[in-house]
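We begin with a single chain expressed as structure tokens, specifically the form predicted alone.
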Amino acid sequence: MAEPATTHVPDLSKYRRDFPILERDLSGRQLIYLDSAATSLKPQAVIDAVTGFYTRYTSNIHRAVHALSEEATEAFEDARATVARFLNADIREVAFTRNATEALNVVSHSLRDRGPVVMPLSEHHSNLVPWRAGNSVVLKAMPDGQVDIEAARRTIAETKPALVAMSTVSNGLGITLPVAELTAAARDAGAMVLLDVSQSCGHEPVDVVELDCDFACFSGHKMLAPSGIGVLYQREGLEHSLEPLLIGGAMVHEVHVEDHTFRPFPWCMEAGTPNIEGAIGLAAACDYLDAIGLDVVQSHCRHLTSMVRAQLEALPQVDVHVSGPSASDSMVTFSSKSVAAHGVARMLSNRFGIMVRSGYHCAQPVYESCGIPESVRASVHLYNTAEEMDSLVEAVSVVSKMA
């Protein structure tokens, strides 16, 4: 997405010192981390929040009445409130999961037998494979991997699905999907809407009310938070739509000899001991990002990806797979005409200290359908710089000339 010349580009370089891993060098080379679409780096504030749980009030939640348990319970539920504010949701709409994959499987487990489910071919495997156990209809991709919106509207109208499930930004090729148009088509057909916002959260404002979705999910590890914590949003009024995948402690209200009752959403989704420290770390990440401003983060990332996309497109041995208005603000996917994707990624790491992703990025069907080879994905966050983009392009120029 090209940026007007008059647009102010925020300087976020001062925040780099908040990420201790960036102090590391690799065999004398400065680490350049461009794999945030897979897992982002963690600021010291998040690290401190997690270690603080271990050093000050380690305990289980919701059960005991001793002081440490009450502190842990308060911190956990405060984290839920923070995440809810981050999404413009109510605390009763936000359940903690292990990741977006678990959240998607909860929704699939609950809804896949209630009618057809429609999703774009460009979805992450976690939003494709679980639906195959029911009646799923895949929106075919155009040659560049994007959704044919008119064909999609017709398919949704004819299918009359129970649910339309899609990402806001595809992780495989880095496409910003036409969410508003597909959501409108879903509403016209009487369908519910599920959004995977994993590649949006932490990079741009995400407002579940504005998005008009019934369900949403994301993984914390992609937005500066710890691994092993995710979120499942369910719009208020749909309390009986989802069924828990796991049954056990904490999520039950009462268990008698012959029967039992579950707690209401969201607590019915959190069986057993949850990732307490992960939730606390996720809340710290939300606070950290809010303090900077997600609109500022988005503008910064858009500037970097626009810059590197234009420079890579100028290299004769490189094919950039997505450009123009639908290109992601935070990732660029490309292929070398002479070196396979894994070879490019390995050489960028070993010779230049640049960390990128290579392969199908958990989106193999859209690559196969469009005849696109495995690609290299460079993804940025607030801690990346224009100088790092120049280093990437220079390194790719060298690597792509190798045979």
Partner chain sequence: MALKTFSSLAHLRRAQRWHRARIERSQLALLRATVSAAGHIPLYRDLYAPCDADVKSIDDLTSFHRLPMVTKGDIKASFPDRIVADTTDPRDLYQVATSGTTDRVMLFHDERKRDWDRAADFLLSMQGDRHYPGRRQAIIPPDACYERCGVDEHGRVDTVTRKLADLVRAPRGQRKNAARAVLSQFMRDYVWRCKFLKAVGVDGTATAAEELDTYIGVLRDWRPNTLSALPMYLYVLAKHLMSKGPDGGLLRGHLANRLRPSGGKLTDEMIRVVESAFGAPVRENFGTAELGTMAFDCPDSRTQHLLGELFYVEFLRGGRHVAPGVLGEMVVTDLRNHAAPLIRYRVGDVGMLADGACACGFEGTRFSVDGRLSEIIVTPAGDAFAGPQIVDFFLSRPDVDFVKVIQKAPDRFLAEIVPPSDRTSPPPADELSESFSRFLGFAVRVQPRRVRRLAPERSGKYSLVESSSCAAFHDAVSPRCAPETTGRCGEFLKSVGDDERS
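Positions refer to the first chain, counted from 1. A quick note: this is a predicted structure, and the numbers were derived from the prediction, not measured.
Just so you know, the form predicted together with the partner chain exists too; it's not on screen, but the next bit is about it.
Colleague: Let me know the one among 158, 188, 181, 77 whose heavy atoms come within 4.5 Å of the partner chain in the predicted complex, would you?
Modeller: Here the answer is residue option 77.
Colleague: Exactly one of 296, 320, 307, 242 has a non-hydrogen atom within 4.5 Å of the partner chain in the predicted complex; which residue is it?
Modeller: Contact residue from the list: 296.
Colleague: How about residue 257 - does it come within 4.5 Å of the partner chain in the predicted complex, if we only consider non-hydrogen atoms?
Modeller: Residue 257: no, not in contact with the partner chain in the predicted complex.
Colleague: So in the predicted complex, does any heavy atom of residue 93 sit within 4.5 Å of the partner chain?
Modeller: Yes, residue 93 is a contact residue.
Colleague: According to a 4.5 angstroms non-hydrogen atom cut-off, is residue 133 in contact with the partner chain in the predicted complex?
Modeller: Heavy-atom contact with the partner chain at 4.5 Å: absent for residue 133.
Colleague: Give a yes or no for residue 113: in the predicted complex, does one of its heavy atoms lie within 4.5 Å of a heavy atom belonging to the partner chain?
Modeller: Residue 113 lies outside the contact set for the partner chain.
Colleague: Can you check 96-104, 233-241, 164-172, 143-151 and let me know which stretch has heavy atoms within 4.5 Å of the partner chain in the predicted complex?
Modeller: Only one stretch qualifies here: 233-241.
Colleague: With the partner chain taken in the predicted complex, which residues across 279-295 come within 4.5 angstroms through any non-hydrogen atom?
Modeller: Contacts from 279-295: 290, 291, 292, 293, 295.
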